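Below: one protein chain in two forms, given as structure tokens, structure 1 then structure 2.
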Structure 1
Amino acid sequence: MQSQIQCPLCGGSLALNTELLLAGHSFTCANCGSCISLASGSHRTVQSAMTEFSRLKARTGEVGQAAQKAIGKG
């Protein structure tokens, strides 16, 4: 999943891919050149958060479809 975060050093916009970040890749800030990566101890926490986010996102879509069907727009 493509994401944008703020560089912790310069505040610039930093594009990264969460799957690659979890796989151990690092990303370089185009503004200041600092290297951003995920600490090895954080992988499990971030993976768990991403899984929960994906689950909630899917559930939100299901609820929206059910609501539209209930009011006759789906």
Structure 2
Amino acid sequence: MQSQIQCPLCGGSLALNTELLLAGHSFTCANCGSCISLASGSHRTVQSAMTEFSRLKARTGEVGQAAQKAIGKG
């Protein structure tokens, strides 16, 4: 679950893992050494979005279930 952002200080590419951010981890820019983490004030917003996202992700299995159902009909 990686997201790519630009380092606000040097413009370098920085990969963030949202789940780790929620767990309190910080990510260091390989280019300038700055540390990026999620501010505590935004924790709840990201957490609830991720919960909803996980629910959605779990539903990708429905594609396979639809195929299975069609087999049953055939």
Partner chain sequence: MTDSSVNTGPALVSMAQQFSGLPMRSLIGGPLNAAAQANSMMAITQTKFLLNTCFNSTQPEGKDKDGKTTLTPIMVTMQLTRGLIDETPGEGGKPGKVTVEPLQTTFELPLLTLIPLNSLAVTDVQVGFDMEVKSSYSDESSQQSSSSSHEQGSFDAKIGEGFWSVEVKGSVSHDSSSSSSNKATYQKSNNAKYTVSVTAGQLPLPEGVTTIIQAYTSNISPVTVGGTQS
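For residue numbers, the reference is structure 1: its sequence is counted from 1. These numbers come from a predicted model, not from an experiment. C-alpha atoms forming the largest set that superposes within 1.5 Å between two forms make up the rigid core.
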Structure identified as the form predicted in complex with its partner chain: 2
Rigid-core frame, C-alpha of L20, shift of 2 angstroms or more between the two structures: no
Core fit, then C10 C-alpha moves 2 Å or more between the two structures: no
Residue shift check between the two structures, rigid core fit, S40 Cα at least 2 Å: no
Shift in Å of the C-alpha at K57 between the two structures after core superposition: 7.3
